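Only one chain is given next, in structure tokens, and it is the form predicted alone.
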């Protein structure tokens, strides 16, 4: 099969979730674009959007229509050329309307896995549960197309393990989109030991067509992205414990670590806010996958287990708004910090009044995350800021320095262990996938 033939019949599992909906959108747009090529006019492109929730699938349809309209408006000039053979399409509004309809006609929402059995490509965006994924893949292998290719969005489970347990004979690859897929430029690509070369080649071509930056990872639990993030969050939790042992309250410790990891590490959000964004339940699943498969290293958080047992989850509501976790949120912004004992949230404003004094004066050279991204000389500005941080001797400087050194250590170990091919791949992934202002492997600390 050539490239367009392979994409004639596609399925997405978990299609109405926050990851799956983006994968459906990107794939449907690519299929619609292929259908406009005169060489493909005889082909019928079909995407089965599979999810267990009929209600969520209705929301997916609305999301797709809205996003397809935005995509059409951005490429109206190109679409006019593509529809040049259609004499009935005169106005730009007619062309845009037709493209949106073409995209929507490709997508077939369904709650039945059996509808995917004719697909030659299946994108899987189910929960990070090895047993569930193996069950789905095994059913598809047993009843589906004999040459079906599986693109799993797993962010932690080794591809070789899924391949072996589902008996896929190399017809699976790790194609990890970052959240949200329609916006994030990164795809983390992981091949198993038996992943077929033609599947690897197709994956590279598909990623290029949908304008993604590809960072390859070895087939190691957690890969590069979560290999860094999970160890990063464990460091933050350990640091909160250290500060608590030194006499600060837990809510003060979390506030200070979150503030320093955002402002002093020049990141888009603090580490506890990021944990909440991903979801404590998701983080727990990823940690378990890694802990079970990486010997000699404790990759587990009793604190996350405790909070989940008490019903604290984080993550997003169906409408995309942020659910409370370590932090409480008002209009998407942190407004309080959780006390695990009482499950009450202490207002951020009251914590700032005392904790900011404890953290110490901020160097005048501090550069914000937004400013760093916009600056042509951000490396020099960040280096100057950290030089000043080291001179201050404040609590914030100590936390930031310890944090930066640990982040760099994690990155270097990923390279030393062969998870990443080189320093550049680690840095590119954190810059692109996590929107950091600089890579973790650096000379700042």
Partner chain sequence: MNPLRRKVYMAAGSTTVSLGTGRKEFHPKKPRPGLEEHIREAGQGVLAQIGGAANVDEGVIGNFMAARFNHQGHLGALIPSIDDGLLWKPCHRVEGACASGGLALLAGIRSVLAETSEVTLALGTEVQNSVKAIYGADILSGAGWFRGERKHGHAHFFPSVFSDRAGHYFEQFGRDRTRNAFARWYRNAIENARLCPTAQEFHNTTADLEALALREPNPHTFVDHLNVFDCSKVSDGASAIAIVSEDGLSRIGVSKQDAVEVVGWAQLEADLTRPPEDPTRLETTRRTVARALEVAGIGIGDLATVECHDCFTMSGLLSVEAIGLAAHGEGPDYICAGETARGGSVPFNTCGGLVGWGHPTGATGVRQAISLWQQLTGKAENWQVEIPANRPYGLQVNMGGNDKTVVAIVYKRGG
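Residue numbers count along the first chain shown, from 1. Keep in mind the model is a prediction, meaning the values are calculated, not measured.
Missing here is the form predicted in complex with the partner chain; even so, the following discussion is about that form.
- Shown alone here, residue 288 lies farther than 4.5 Å from the partner chain in the predicted complex, counting heavy atoms only.
- Although the partner is absent here, residue 86 sits close enough that one of its heavy atoms falls within 4.5 Å of the partner chain in the predicted complex.
- Taking the partner from elsewhere, residue 147 is found to have every heavy atom lying beyond 4.5 Å of the partner chain in the predicted complex.
- At least one heavy atom of residue 91 is located within 4.5 Å of the partner chain in the predicted complex.
- With respect to the partner chain in the predicted complex, the three residues 134, 140 and 166 uniformly fall beyond 4.5 angstroms at the level of their nearest heavy atom.
- Residues of just one listed stretch (123-131, 71-79, 245-253, 348-356) have heavy atoms within 4.5 Å of the partner chain in the predicted complex: 71-79.
- Residue in contact with the partner chain in the predicted complex (any heavy atom within 4.5 Å), chosen from 282, 96, 294, 113: 96.
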